[in-house]
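Below you'll find only one chain, the form predicted on its own, shown as structure tokens.
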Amino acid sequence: MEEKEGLKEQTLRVRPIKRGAEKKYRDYPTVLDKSTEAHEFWEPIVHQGLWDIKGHKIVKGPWGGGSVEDAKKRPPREFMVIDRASFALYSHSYGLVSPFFRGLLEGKLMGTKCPECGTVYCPPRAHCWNPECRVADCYDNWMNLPLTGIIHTFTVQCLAAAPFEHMLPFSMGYVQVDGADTTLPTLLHMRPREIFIGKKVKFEFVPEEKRKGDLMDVYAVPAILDEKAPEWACLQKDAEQMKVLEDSIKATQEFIKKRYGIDNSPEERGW
């Protein structure tokens, strides 16, 4: 193993690329193709199998059972850490609810309505969940919904999985779209002090050229500007907890700026 200036070399174990894996799809016409370019880039990679990453590192850390304080009392031990990676590429179909995601590309919210009980689903369902309807077909019963709703529940995120870490801190909520009987998970582009259950919101979309046809294309903003949370609001009624949250948000913003060079402050975001 050779290392130059502390950087570990990486090599790829090459395996024969399998051809004809998508032969079964050739009898179906492609109406709109915006993924072939991605496939051409990734397919040669995903068929290589595991990557061999040369090198390792030694770290010192706590060990053994018991509490954190118990672990601190024991001398730390050395552990060897290696990295392994594996790629996979999936073609995922939205199936019978595809109109909903195509609607997002067009800046629309769509739902399905059960022909038996009248339940309106947004996000849509191809079949009704009501046991009395015996999974009645909803996939041909589409309706356009207004771009308004109310917050049913919410969370403020200062931790997130790696793909979303650069977006921290952010808030998410389940919003009941006006005219629907279910709730839509969506980002809330507003400050935590403004968020409360029952708050009226309106939906907006990212610029058309950035839309991908998934739930990240849409987000909610306040329907009423400068609206104060009611006294009973669970988050705002405890001043001490609100201070803890705001301190956590500030620390998260500083962390993201240091790690990614991104300013996610309310002033920069505009909300």
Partner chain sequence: MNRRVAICGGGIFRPDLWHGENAEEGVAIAYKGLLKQCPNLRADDIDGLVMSYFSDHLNQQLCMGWIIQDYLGLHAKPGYRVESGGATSLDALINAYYLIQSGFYDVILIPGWEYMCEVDVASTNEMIASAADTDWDFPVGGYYNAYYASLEVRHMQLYGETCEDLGRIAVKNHNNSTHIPWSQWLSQHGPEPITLEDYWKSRMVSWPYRVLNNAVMSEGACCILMAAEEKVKKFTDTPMWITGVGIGTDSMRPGDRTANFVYEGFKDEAAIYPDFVKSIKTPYPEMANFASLHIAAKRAYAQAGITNPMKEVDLMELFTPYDGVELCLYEDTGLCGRGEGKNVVREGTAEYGGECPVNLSGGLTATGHPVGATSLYYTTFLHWQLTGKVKDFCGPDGLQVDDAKRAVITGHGGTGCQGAVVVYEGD
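Just so we're on the same page, rigid core means the largest C-alpha set that superposes within 1.5 Å between forms. This structure is a prediction, so every number in the text was calculated from the model and none was measured. Positions refer to the first chain, counted from 1.
Omitted here: the form predicted in complex with the partner chain. The next part is about that form.
Contact annotation: L184 falls within 4.5 Å of the partner chain in the model of the complex, judged by heavy atom distances. Contact between P62 and the partner chain in the model of the complex is found at the 4.5 Å heavy atom cutoff. Within this chain, W232 lines the site of the partner chain in the model of the complex, having a heavy atom no more than 4.5 Å away. Not displayed here, the partner chain is kept clear of P44 by more than 4.5 Å at the level of heavy atoms in the model of the complex. The three residues T119, A161 and M216 all sit with a heavy atom within 4.5 Å of the partner chain in the model of the complex. For the partner chain in the model of the complex, the listed stretch (220 to 228, 234 to 242, 200 to 208, 34 to 42) containing residues with heavy atoms inside 4.5 Å is 234 to 242. When two forms of a protein are overlaid on their rigid core, residues whose CA moves 2 Å or more are considered shifted, and W63 is one of them between this form and the one not shown.
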